[in-house]
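What follows is a single chain, given as structure tokens, in the form predicted on its own.
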């Protein structure tokens, strides 16, 4: 199974962003994230500029926002944490007007910290999703190799990408088997059965890794993956 098969983040296209070299896009993403993180929280105009630049790249990539926004659900836990900061942080209090004439007293430093966390996290996640949507996984790995990332880390990432769908499909079949036997994985009453299922999945995945490693050794694996694209 190729690394590009089953990649749920990539959006097929032929824009200038899609055609750009992967290593340059990785460097651009890293530079953008570092600039966003280094921006003081009270520089609101700077965040508007960051967002405008990012939306310009998204527009140039021709990836619909409707494709990216649902995938930003990954940052929901961070947004929930940011929403709690104004209530648990110390410092001067400020009144926030609510609908219906109500007012809520929250920490002013906590409110600023929550804004900074939410703004920086949202920009970082959207930029990362834009990279994933415009770059095939194989191209990302080759870009990391070109940037002299340690070979072992690149190989670990390559195997993760290649076998993520395999492990996910195994989990789906095991959950289907649980439901066919009257167990609901979402019910706390059946969580012990779910824990045993996840344990069995871990053991099965570990054993598959052992078999794959032995098969690689029998085919001459010496610690480095062959450069298939270079051979072609």
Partner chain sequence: MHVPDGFLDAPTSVATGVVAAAGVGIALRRARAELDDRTAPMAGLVAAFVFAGQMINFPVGAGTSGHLLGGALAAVLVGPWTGALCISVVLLVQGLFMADGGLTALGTNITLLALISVVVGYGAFVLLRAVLPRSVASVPIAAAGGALVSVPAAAAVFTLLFAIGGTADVATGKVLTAMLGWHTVIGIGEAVVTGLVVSAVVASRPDLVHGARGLAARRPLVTSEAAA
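Numbering follows the first chain given and starts at 1. In this text the structure is predicted, and so the values were computed from the model without any measurement.
Another form, the form predicted together with its partner chain, is not on view; read the next lines as being about it.
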| property | result |
| --- | --- |
| Residue contact check: residue 20 to its partner chain in the model of the complex, 4.5 Å heavy atom | no |
| Its partner chain contact at residue 213 in the model of the complex, heavy atom, 4.5 Å | yes |
| 4.5 Å heavy atom contact, residue 217 and its partner chain in the model of the complex | yes |
| Distance check, residue 38 to its partner chain in the model of the complex, heavy atom within 4.5 Å | yes |
| Within 4.5 Å of its partner chain in the model of the complex, all of 78, 150 and 160 (non-hydrogen atom) | yes |
| Contact residue in the model of the complex, chosen from 54, 183, 201, 68 - any heavy atom within 4.5 Å of its partner chain | 201 |
| Listed residue that, although its partner chain is not shown, lies within 4.5 Å of it in the model of the complex (heavy atoms), from 59, 33, 49, 177 | 33 |
| Residues from 116 to 138 in contact with its partner chain (non-hydrogen atom within 4.5 Å) in the model of the complex | 117, 120, 121, 124, 125, 128, 129, 131, 132, 137 |
